[in-house]
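The chain below stands alone and is given as structure tokens, in the form predicted on its own.
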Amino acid sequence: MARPSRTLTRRYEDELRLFRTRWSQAGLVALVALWALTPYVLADDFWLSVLDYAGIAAIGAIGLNLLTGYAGQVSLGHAAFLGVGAYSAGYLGSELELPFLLWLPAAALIGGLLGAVLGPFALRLRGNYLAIVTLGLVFLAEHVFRNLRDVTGGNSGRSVQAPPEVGPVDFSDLSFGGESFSNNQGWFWLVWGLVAVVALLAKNISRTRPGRALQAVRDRDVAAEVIGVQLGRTKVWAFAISSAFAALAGGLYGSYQQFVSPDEFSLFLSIQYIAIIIVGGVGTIFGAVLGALFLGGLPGIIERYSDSIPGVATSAGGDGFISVFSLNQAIFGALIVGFLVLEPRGLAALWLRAKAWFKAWPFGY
């Protein structure tokens, strides 16, 4: 008697398993090997810094995808929570000299609490109205960052001396086995290790009762309420967890750069995160990571190679019809429009389509 395929779902437990097939388990092993070996193979500090920024963006994008992709709550205020995390890391790590294992969770907690406080304002709003309210949050946060000088340093910003140390291990000055590693190599292991933890946590949230409640609210909130989902609590919880992930990313961003200023947490940063989840794939965890890999380090790459791009003015008053900042804005805008028109499900859909084609081969999909 023929045995059923391993990919056939026969029990509810099969549906919940993260790595159901040997191919997916082999893929996990390959990802772990890639994580461990990349800093050795990719010795160029610039490209490692691009991947470090992409990893930090992935953590924030996973949070935004839970709120927008799973709960259907459009938010343009993500930059505000990133800024809260960065300044919290600066104050807790620099002023209070808390260790990494305290200042990083504390920064995430502060962001989560702020999200929980602001979440109730979104209970009666949806769609464009909610987007406008969260847009106002960015300007309100920027005003606070510029005027709460004792904590933020005001317009000129502040240094963030919050070292990523876990006991005797300092990821910014890592050495083991008689070999010393650069700041970017150590940060790569730290950031992408945290990306794995956050992605696993978010994936488990999406597969459990709270995650299904988020999706029910997104698809039809009235029907969700009829079947017992508490709309208010679910929306506030979505804002809180999304804000906590954003603040976590902001804390890492501040510690990695060692300096933050209010100009970095503007509306453009929120648009950048919207672009990341649209390009990667709204409503998928791995789509947020794909989008961050594709776009997270793009501003740094454009700035690095701006001299070689025709028409780009690399300095004020220089030759060229577009500045580096404007070029970044134009690229993010074009990608948002292009993916929404041509492939609204993003890069994740292309991957899922390719996987389905190979599964069905030699039959057509």
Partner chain sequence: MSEFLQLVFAGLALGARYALVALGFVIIYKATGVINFAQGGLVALGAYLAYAYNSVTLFALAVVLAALTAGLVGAAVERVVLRRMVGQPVFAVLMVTIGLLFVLEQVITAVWGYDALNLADPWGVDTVKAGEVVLAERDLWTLGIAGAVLAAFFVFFRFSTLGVAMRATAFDQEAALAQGISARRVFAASWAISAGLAALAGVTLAAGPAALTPSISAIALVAFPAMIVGGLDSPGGAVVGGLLIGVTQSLTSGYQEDVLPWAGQNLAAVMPYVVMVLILLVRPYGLFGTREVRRV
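Positions refer to the first chain, counted from 1. These numbers come from a predicted model, not from an experiment. For the two forms, the rigid core is made up of the largest set of C-alpha atoms that agree within 1.5 Å on superposition.
A second form of this protein, the form predicted in complex with its partner chain, is not displayed here; the remarks below concern that form.
Here the marked residues R22, A43 and Q257 all miss its partner chain in the predicted complex; none has a heavy atom within 4.5 angstroms.
This chain is displayed without its partner chain, yet in the predicted complex the stretch 144 to 152 from 258 to 266, 80 to 88, 144 to 152, 177 to 185 comes within 4.5 Å of it by heavy atoms. Scanning F294, W189, F286, F121 against its partner chain in the predicted complex with a 4.5 Å heavy atom cut-off leaves one residue, F121.
Note on the partner interface in the predicted complex: the residue among A196, I205, L109, L135 having a heavy atom within 4.5 angstroms of its partner chain is L135.
At the 4.5 Å threshold, heavy atoms of I336 reach its partner chain in the predicted complex. Using a 4.5 angstroms limit between non-hydrogen atoms, Q329 touches its partner chain in the predicted complex.
Taking non-hydrogen atoms only, A354 never approaches its partner chain to within 4.5 angstroms in the predicted complex. Taking non-hydrogen atoms only, Y305 never approaches its partner chain to within 4.5 angstroms in the predicted complex.
Taking a 4.5 Å heavy atom cutoff to its partner chain in the predicted complex, the contacting residues in 61 to 78 are T68, V74, L76. Once you line up the core between the shown form and the other one, the Cα of L42 stays within less than 2 Å of where it was.
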